[in-house]
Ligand code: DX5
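The chain below stands alone, shown as structure tokens; this is the form predicted alone.
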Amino acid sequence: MHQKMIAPSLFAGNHSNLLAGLNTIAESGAGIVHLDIMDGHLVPNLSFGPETVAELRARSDLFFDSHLMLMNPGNFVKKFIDAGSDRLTIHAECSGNIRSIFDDIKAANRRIGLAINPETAVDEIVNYLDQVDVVVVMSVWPGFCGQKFKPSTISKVEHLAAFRKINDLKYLIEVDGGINGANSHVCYGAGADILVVGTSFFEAENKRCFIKNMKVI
């Protein structure tokens, strides 16, 4: 069994002081910060760019999990690599040559992620699963914090976990959207390895206890 991990999303924190949010994540013991990068095209919202990621990188040794919700990620992957991203996740729904983008990420010795929206079936990405380090199952429509978790996405986690086992693959499964203490055990029970938390993390009174409790099935 893979180690259970929690990745707080900086986007759910205070945008007027991202560094404070980053430090809060570091102090929680999570070890990973999830960076939601949005372009207003693939998803109906905007966040921040590689310059911001580079500024944060200079002030943190956390693992930077950059989720590129970009319509044309191939145009920006190198910039986010140079900014200090440790893992770069692109969407199956994006434009461009996914394999070519993977090659660019791999050439930079960074980890590769592939995300699927709620309407996208696992069968649509099976040909990429031997190339990725993580698969991100979106359990809400991407782009906004505070949405309600979609239980129907659990079947995708189960599908990915079964496919991984049958084919002896090593990718991790990450679930992103509406995760809290009430549904984390369901995600882990289905085979997830990493849970992205946003609103529930920043609203928790004791962040360190929150992280610890979220790992308990």
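Just so it is clear, the model here is predicted, and its values are computed rather than measured. Residue numbers here begin at 1 and follow the sequence given.
Unshown form predicted in complex with the ligand; subsequent notes refer to it.
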Exercise. Any chance Leu160 has a heavy atom within 4.5 Å of the ligand in the predicted complex?
Worked result: no
### Message
Please tell me whether any heavy atom belonging to Val196 falls inside 4.5 Å of a heavy atom of the ligand, as the geometry stands in the predicted complex.
### Response
yes
Check your understanding: How about Phe144: is it within 4.5 Å of the ligand in the predicted complex, going by heavy atoms?
Key -> yes
Exercise. Does any heavy atom of Gly177 come within 4.5 Å of a heavy atom of the ligand in the predicted complex?
Worked result: yes
Given 48-56, 25-33, 160-168, 178-186, the stretch touching the ligand in the predicted complex at heavy atoms within 4.5 Å is 178-186
Taking the ligand in the predicted complex and a 4.5 Å non-hydrogen atom cutoff, the residues of 44-82 making contact are His67, Met69
